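In the form predicted on its own, a lone chain appears below as structure tokens.
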């Protein structure tokens, strides 16, 4: 299996190209990887390719395959070491950067088919990459959950993944403190059966005061693999824009800069879509960090991320 590593504003993506998958349509793979309840279960051998010691905790895999839709140029299956992802914003930018590097971005744009839908990635004149996401929308507002002795109020919103968004008027605390806080919120959502548009809410997005003068707010996003997003999170930013638009706090076409936990930045805007949803446009920078090849583990017992030949 060949791979190209990149990072988008600090968050890693590993684009994977395998003879076993590259000619198979995305929807065929998704049917094969669906359990009895219709949930997508990423093969263990694939998850091992983005797990320690082969990759950093925050790494997201992007498996290239054939698109099932004639409107797309590539199919992309996004996943991390724990679960499949509906979409991945920083990953879409990383995929775009990788495809562009190898001459596959005709006319400066490429359309990728994801589990959540078709996303267009475009190279900008300033060297950044942007993507137009699948429709984002608010599922439920002013949702209250019990957290120890505190009640936390948030918004359930969809931006290609499911988010519980919490807004607080304070600076970002330490990474450890925010991880503890957002993990406790996630656990409470499960215990109190708070659900999203497609089911389980697998991301918690905290928005606080920015440290940068050129940002309107700062995000801390807990991801399904129990770590945090080093970028401002593309699908989380999309969900946030849907929330701000629904509350009349951000107008269509206005730029909204979101700072990440590590201080990087996305520039976001939106246009209206059908039935109260929006189409977010997210722009950020990506860098190629490595190329390589890995052995594909066929034996699930060996697909733990480590073997003597690694």
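Numbering follows the first chain given and starts at 1. Model, not experiment: these values are computed from the prediction.
Separately, the form predicted together with ligand PYC exists; it is not shown, and the next lines address it.
Taken together, the three residues 9, 94 and 260 lack any non-hydrogen atom within 4.5 angstroms of ligand PYC in the predicted complex. Looking at residue 205, you'd find every heavy atom of it more than 4.5 angstroms from ligand PYC in the predicted complex. Contact annotation for residue 223: at least one heavy atom lies within 4.5 Å of ligand PYC in the predicted complex. Interface residue remark: residue 90 is counted as part of the site for ligand PYC in the predicted complex, having a heavy atom within 4.5 Å. Interface membership of residue 244, defined by any non-hydrogen atom within 4.5 Å of ligand PYC in the predicted complex, is ruled out.
With ligand PYC left out of view, the stretch that reaches within 4.5 Å of it through heavy atoms in the predicted complex is, among 112-120, 234-242, 179-187, 139-147, 234-242. Shown here without ligand PYC, the chain has no residue in 102-118 lying with a heavy atom within 4.5 Å of that partner in the predicted complex.
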